[in-house]
Each structure stands twice: as C-alpha cells, then as structure tokens.
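Quick setup: one chain, the form predicted on its own, written in structure tokens, and binding and motion questions come after.
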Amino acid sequence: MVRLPYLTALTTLLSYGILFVFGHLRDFFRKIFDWSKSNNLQGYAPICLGYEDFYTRRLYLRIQDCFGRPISSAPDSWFDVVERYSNDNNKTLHRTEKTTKCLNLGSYNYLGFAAADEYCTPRVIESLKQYSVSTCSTRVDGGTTKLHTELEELVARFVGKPAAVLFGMGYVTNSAIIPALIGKGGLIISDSLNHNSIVNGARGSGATVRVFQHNNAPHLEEVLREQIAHGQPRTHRPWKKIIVIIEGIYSMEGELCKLPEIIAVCKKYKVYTYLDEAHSIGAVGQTGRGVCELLGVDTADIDIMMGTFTKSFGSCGGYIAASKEIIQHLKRTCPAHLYATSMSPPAVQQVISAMKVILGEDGTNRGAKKLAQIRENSNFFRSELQKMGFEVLGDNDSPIMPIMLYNPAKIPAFSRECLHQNVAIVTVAFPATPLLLARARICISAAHSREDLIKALEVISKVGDLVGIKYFPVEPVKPNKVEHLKKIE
C-alpha cells in the first residue's frame, strides 16, 4: 500500500490546484471571447459534461502524447514506436512514417510468446490456413472448432480444475461472467483495488457490493461478519450467496494477493471465492500455474478461477475454470458465450502452443527456461531500482513494477525523456489510479536479456535524477558489484 509522504502530497496537490485554476480560467475566458464559435446544441444537453470532461480537456490533452503510442512491429523485447507530432499543443496528434526502435518495458509479453516463436508461429499459420481468421459465429451456433474444445480441456488441466470455458476478450470475461454468477439478493465483497472489469461486472450484477481494504484479510473477516449478521438491506433476510473477489497480481501495484489468509477467512464463513489471475497465470509459480502454485494454495479451495491469454500466452481472450456444474451453467446463461463471436482459431492455437511449451510438451525445456528467466529478470530489476532510490511497489517474483511519480509534471517529463533515450515506458495517471498516485508501470519479460535490463536501469536512473523521483536514499554500490556489472556488459 502506498504511503504518500506529507511534503510530496502537498506539492502534488498544489500542482493539480494550479492546473485546475488555470483550466477554469481558460474555460471562463473561452465562453466570453468564443461565444460566437460555440456549437448551437438547439436544446440538446451536452454529451460531455462535468469534471471528467474538464480533466480530459485541461489536463489529459496536454500530455496525451505520452499515452496510446502506436507501434509498427511485434511487441518483443525491442519494438518500433511510430513518431507523432502536433501543431495545436497536443489537441490532435499526427502520425509520421518515421519509427524509433525502443526497448519495450510496457507490454504484458511476460514469457516472450507475443513475438515469433519457433514452436508456436508455424502452428498458428497452419491453423490460419485451415480455419481462417474468424469463425464468424457464436459458440452455441457454428463458432466451436476442435481447437476451442482442445484449449478448454488444456486450460482445465493446466490450472487444476474439472472444466473451463473460453471467451474472446479478457475484460468481458469478468464483466459478463460476474452477473451470470450472482444477482439481486447476493453479496459481492471486492478488494478495494480490483480491476475495472470486476468493478463493472459487480455493478451490473444487481448484487449488493461491499469493499474490503486492499489485501487485508482481517478487514475482510470484519466485513463478512458484519454483512452476515445484518443480512440483506431493509429485509435483513440471509444473503442468497456471497462471493469474495480478488486478483492474483494487482496490475497497478504489482502486489501478490495474500491468498492463503484470504482463503482461510472464506472457508471459515463458507463463502465462494473468485480469483482473477489475468497477470499471474503463466507468469509466476515454478511451472507457471499462477499464485496458487506460488503460494501453496490448493486450487480446490478456489471456486472460480479466471485468467486471460493476453499476457503470458501472447494471444487474446480469457477463460473461467471451475466445477463442471458452474461451467455448464455459464455456457447456458452467460451472454458473452451465447451472443459474442468465439475466439479466433489462430488465437486459440497460439494459446495451445504456448501452453504446451510451458508444460514441456513440445519436447524441450524452453518453457522451464522462460519461467526461470522471468523470475530472475523481475527480481534483479526490482532490486536494482530499489537500490537506486526509487519508490517501487509490488512483491518479488511479480513482473509488474510501478515506480511512483506523484507530481503531474513528472508524468510527461519521465515518459518523454525515457522515449528520447529509446526506452518505452508506460505512465499511468487518473482515472486509472487515484489522482495523487501517478506512476510509471514497468513490465518485465523473459525475452529481455541482462544487457537490455542494464541499459534500461541506466536510462531510468539518469532520467530519475533529472526528473527528481528518487524519493529514497541511494544505496552505495559495492566495488565488486561494479566489476560484476562491467563483466556482464
């Protein structure tokens, strides 16, 4: 959990205050001097209105060149970033034909499968020839191929559940599944830092939603006891069902969930558990089976296991793994299964091939090497960043490393300067994070070499000094460490 220093909070609030004051002044004078140019809505209410629109116009547009940067190559350890320019102070951005080769520290390509692979790519091309790009149908009509069935069986075996079902989009896997599992009269207890897809799924379910403090098992128990004692609002009848929803790795914090403690609480009160492993499946654990394997939790203790194929497997889509009864229920009732086009067959084949590499079923030990490499890369990079004095969130073994920036002026400064030195880094600000907790989010891949990581550390350290985001004392570098790094270089 981030503990914002008093002075940093004060200067950050002051910076946002100045931006808001000048933004409102600009809006005021715009109404006076540009009233004749304003669009006549003829009685219609403005579609874009409120503080969200104000934030977009007066804050986001100033630095939108730091977001949504287009690329023109596969998201490997290095990729080509398309250069853009603006003639109107960033209100509109224009692409050029020029590209810059940059070190990729932003993609979720944890195991390196998103680029060409000696085992996966030929099989994906063959599936494209056999099945074409799309099934052009839903799963319940003509959208189920033998590849879909094979992957569902493989996913169930991989995560240790009796059955699984596939979906064409990771976000929809949460937002459409949760309403199919619980509705009015039910209770959802959600971690305070759960992903937006979970938040929207919970809101759309019609169930009552309560939030517990991030990764805090004692507070979860406190919320559970209170809600079970009081029952449903107004009627005080017992809840029809209770589901606790957590994530394996929290995408904006890089933290592992305290799964054993949370599962112990859920078992004590006989409530269902829903685990989102979007960022952990394939990326952590001795054999890549996620936080359950890493933290020693039996998958039988998790009622619903969700994951995506967009991170470790280099594809798209998501899955739900659970008991056969739950999976059959979802196949009969979930709109994402009944009405959405099924996963593209080549994307399905990519996941099958990647999963077989991880399991060693390709006849090599490449999967084990990739898993060892991402653990080594992640822990090395995190350790070096902390030694440099950066405030780095997250836990060991997590490939996600947020570096706290806080001040709004440091968001574009850090992003642009890193890009200028050929290192592509994702910066994250409101509304994806709380207003005062802007950060840069680094994603490490097994495809990164030690030389790549050392170059990135050198650039980040230099830019960190320039921007002023080293909030902790720098650890002195030992002489033997310097010699070791020189030997590596």
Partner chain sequence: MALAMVNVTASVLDWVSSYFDAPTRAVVFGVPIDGHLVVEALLVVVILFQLTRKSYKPPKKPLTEKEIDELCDDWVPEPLTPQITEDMTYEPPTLESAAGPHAIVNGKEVVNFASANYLGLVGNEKITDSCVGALEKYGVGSCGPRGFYGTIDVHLDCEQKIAKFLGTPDSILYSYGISTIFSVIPAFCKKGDIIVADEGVHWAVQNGLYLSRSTVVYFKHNDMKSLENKLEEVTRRSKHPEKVRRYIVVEAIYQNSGQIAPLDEIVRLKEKYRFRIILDESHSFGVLGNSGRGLADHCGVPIEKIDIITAGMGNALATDGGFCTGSVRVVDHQRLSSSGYVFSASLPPYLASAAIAAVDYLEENPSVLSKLRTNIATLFNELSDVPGLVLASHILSPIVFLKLKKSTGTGKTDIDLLDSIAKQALEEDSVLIATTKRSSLDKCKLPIGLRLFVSASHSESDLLKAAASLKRVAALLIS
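Positions refer to the first chain, counted from 1. Computed from a prediction, not measured in an experiment: that's the story for all the values here.
Although it is not shown, the form predicted in complex with its partner chain is what the next lines describe.
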{"query": "Gly363, heavy atom within 4.5 angstroms of its partner chain in the predicted complex", "finding": "no"}
{"query": "Partner contact for Leu259 in the predicted complex: its partner chain, 4.5 angstroms, heavy atom", "finding": "no"}
{"query": "Contact of Asp141 with its partner chain in the predicted complex (heavy atom, 4.5 Å)", "finding": "yes"}
{"query": "Residue contact check: Thr208 to its partner chain in the predicted complex, 4.5 Å heavy atom", "finding": "no"}
{"query": "Non-hydrogen atom within 4.5 Å of its partner chain in the predicted complex for each of Ile242, Ser315 and Ile425", "finding": "yes"}
{"query": "Option from 399-407, 306-314, 208-216, 378-386 whose residues, in the predicted complex, bring a heavy atom within 4.5 Å of its partner chain", "finding": "306-314"}
{"query": "Interface residue in the predicted complex among Lys101, Lys146, Lys369, Lys98, criterion: non-hydrogen atom within 4.5 angstroms of its partner chain", "finding": "Lys146"}
{"query": "Contact residue in the predicted complex, from Arg69, Arg62, Lys462, Lys455 (heavy atom within 4.5 Å of its partner chain)", "finding": "Arg69"}
{"query": "Residues in 181-201 close to its partner chain in the predicted complex, defined by a heavy atom within 4.5 Å, in order", "finding": "Leu181, His195, Asn196, Asn200"}
